[in-house]
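So this first bit is one chain, no partners, the form predicted alone, shown in structure tokens.
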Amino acid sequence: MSPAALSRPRVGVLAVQGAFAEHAVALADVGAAPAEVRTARDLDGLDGLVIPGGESTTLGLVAGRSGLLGALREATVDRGLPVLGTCAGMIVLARATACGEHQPLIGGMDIVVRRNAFGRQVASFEADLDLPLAGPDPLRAVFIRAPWIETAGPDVEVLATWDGHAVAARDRTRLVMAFHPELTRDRRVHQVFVDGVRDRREGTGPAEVTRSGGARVRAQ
């Protein structure tokens, strides 16, 4: 295998529903080899995983009926496969949702997420977000029926807020966003994720995301 091929980490995109095709394009743009994940077997040999936006309840129910939800939990929670979760992906990676909502979860990240926190479809919006992880320039963020992080545990680093609410965070192996980075041409979020996956695979960087303390966010 050529050095170029070795440097292209294989990153799966959960292709149950939602914006998985757009994520695959973004991953390829930043030097990853994307692969659609529809069954538990598709998780074999991945270096990282993206769980896209969409309808979180549908995503959880469909994956649960097929047995994929348990396989995703085993891969990301038990084995520590690096994962990027956007919008609905952030919701299903949380340990719980607010208000006791029924929501099938993969879990593993010490956050509580409020679904549709910024409003329904008609309240969707775009904003220039300060996300230092992606560099000094603002990131154009697309919020569609977006959630927010209501509480975050001590091992979770909040990376960005909007209107006083946490909308991006990370822990040892998970990076989550309340918005849709795949729907713009700005590839910085995907680049950060893929670079981390590559470093982890090749042993040229830290095996885990550096813990820099956590934050507790109170809903307003």
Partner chain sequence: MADEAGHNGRTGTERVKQGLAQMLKGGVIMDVTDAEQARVAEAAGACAVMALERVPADIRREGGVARMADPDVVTRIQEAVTIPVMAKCRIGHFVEAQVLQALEVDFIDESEVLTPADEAHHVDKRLFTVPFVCGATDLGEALRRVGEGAAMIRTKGEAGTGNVVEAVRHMRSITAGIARVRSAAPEERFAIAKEMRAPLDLVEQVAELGRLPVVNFSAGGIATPADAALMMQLGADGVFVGSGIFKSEDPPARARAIVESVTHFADPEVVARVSRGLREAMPGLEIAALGEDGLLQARGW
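Positions refer to the first chain, counted from 1. These numbers come from a predicted model, not from an experiment.
Below, we refer to the form predicted in complex with its partner chain, which is not included among the displayed structures.
Judged against its partner chain in the predicted complex with a 4.5 angstroms heavy atom cut-off, the residues 55, 61 and 140 are in contact without exception. Using a 4.5 angstroms limit between non-hydrogen atoms, residue 130 is distant from its partner chain in the predicted complex.
Remark: residue 96 does not count among the residues lining its partner chain in the predicted complex, judged by a heavy atom distance of 4.5 Å or less. At the 4.5 Å threshold, heavy atoms of residue 170 stay clear of its partner chain in the predicted complex, well away from it. In the predicted complex, residue 184 approaches its partner chain with a heavy atom inside 4.5 Å.
Of the candidate stretches 189 to 197, 170 to 178, 26 to 34, 157 to 165, only 157 to 165 has residues whose heavy atoms lie within 4.5 Å of its partner chain in the predicted complex.
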